[in-house]
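First, one chain by itself: the form predicted alone, in structure tokens.
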Amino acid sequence: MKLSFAHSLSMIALAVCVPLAWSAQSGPGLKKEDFGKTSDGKQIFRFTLKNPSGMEVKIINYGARITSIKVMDRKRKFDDVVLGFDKLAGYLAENPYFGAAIGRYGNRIAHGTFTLDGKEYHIPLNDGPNALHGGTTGFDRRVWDAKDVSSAGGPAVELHYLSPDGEMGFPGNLNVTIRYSLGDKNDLRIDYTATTDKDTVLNLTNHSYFNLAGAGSETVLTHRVMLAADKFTPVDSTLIPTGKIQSVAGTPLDFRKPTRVGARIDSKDEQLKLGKGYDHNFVLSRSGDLMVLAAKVEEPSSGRVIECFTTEPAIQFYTGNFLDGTLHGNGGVYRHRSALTLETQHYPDSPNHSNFPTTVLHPGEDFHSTTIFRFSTE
């Protein structure tokens, strides 16, 4: 976690600004359009970022969500490779965080409770006995301010949210900014910054579900995954870390070499039984360096590839084990194990484990984190 002084609470009122005009719908740039209204009448906008090669990313200011990423396969055919909806109603209804910005605390906090500066804080429980992804109404359910920040480097949109002191039980007025930018080399870059006026805990990530064969394709079990992680944090029956940091060697969680998702997912391993598949925090062997490859996913039929780079120390690799075919979105029905996530993050339940990297943010400090998803074809 890189900390240095930066912007203050005066950023509360970032307005939703009109983006640069798009001279032609098929050309590169940024386009803004209405995407409906929430039940309390707040206007939601959809921003489309497009680069010269035709890659297209859609983002809405409800939950700062990525709703669509369209990239080419080896035959130059474009498909949407993330799960999502083309109507706001899909996001307002119950869904498993499709494309969402996650906070204040991504992943789980045991019993929704942690102690900071001698005071105990309680987050609403929404995952059995635990708090997940910020509690019952996390950043995924908030309306963010947004503005176009495109430059010569490419189209970009910046979203801002002020989380008030006490929201979901967390201390401090927290200013959060997320910038999505799309480069000419098919790099989707996500920059997170935050400041607080009171000691707090923070773990931000994005919860996009990927299927490189195309959203709605039946499975990701044939995808090949490499995770540059020598260790993982084993979990208990409620998916809370036990506090141990364990080697992946000799376990079905060893993805140091490219491995099919389905090769070992149903093996008789206690950790896979607890997660009903992969739903684990992988500790990156080298963290903090955007030049170091953290993860790679390859889909053989389309030839599509994602490479992930991040300043975060870990990745939550999840294989859509709780998708059950009841949701229908871009591309079709979302079935069991029909998508995977690469949630770059600090460790789950870090506030309750002194041996985990700290997630505490202090007043006068600036939180900054970057994740890059680079798309290509074999």
Ligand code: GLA
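Each residue number is its position in the shown sequence, starting from 1. Source: prediction; values computed, not measured.
Omitted from view is the form predicted in complex with ligand GLA, to which the following refers.
Exercise. Do heavy atoms from each of N107, L132 and D279 fall within 4.5 Å of ligand GLA in the predicted bound form?
Worked result: Yes, the whole candidate spot contacts ligand GLA.
Exercise. Quick one: which of 204-212, 262-270, 155-163, 220-228 gets within 4.5 Å of ligand GLA in the predicted bound form, going by heavy atoms?
Worked result: That would be 204-212.
For this session: Have a look at N61, N330, Q316, T48 for me and say which one sits with a heavy atom within 4.5 Å of ligand GLA in the predicted bound form.
Result: Checking each option against ligand GLA in the predicted bound form, the one that comes within 4.5 Å is Q316.
Exercise. Looking at L284, A194, L239, I190, which has any heavy atom no more than 4.5 Å from ligand GLA in the predicted bound form?
Worked result: Spelling it out, the residue with a heavy atom inside the cut-off is L239.
Exercise. Does any heavy atom of F170 come within 4.5 Å of a heavy atom of ligand GLA in the predicted bound form?
Worked result: Residue-level check for F170: no, no contact with ligand GLA.
Problem set entry | Partner proximity in the predicted bound form: E343 to ligand GLA, non-hydrogen atom cutoff 4.5 Å | Looking in the predicted bound form, residue contacts with ligand GLA include E343, since a heavy atom lies within 4.5 Å.
Problem set entry | Proximity of Y97 to ligand GLA in the predicted bound form, heavy atoms at 4.5 Å | Close contact exists here: in the predicted bound form, Y97 approaches ligand GLA to within 4.5 Å, heavy atoms only.
Exercise. Who in 322-340 is close to ligand GLA in the predicted bound form, meaning a heavy atom within 4.5 Å?
Worked result: Going through 322-340 in order - heavy atoms within 4.5 Å of ligand GLA in the predicted bound form - there is one hit, F322.
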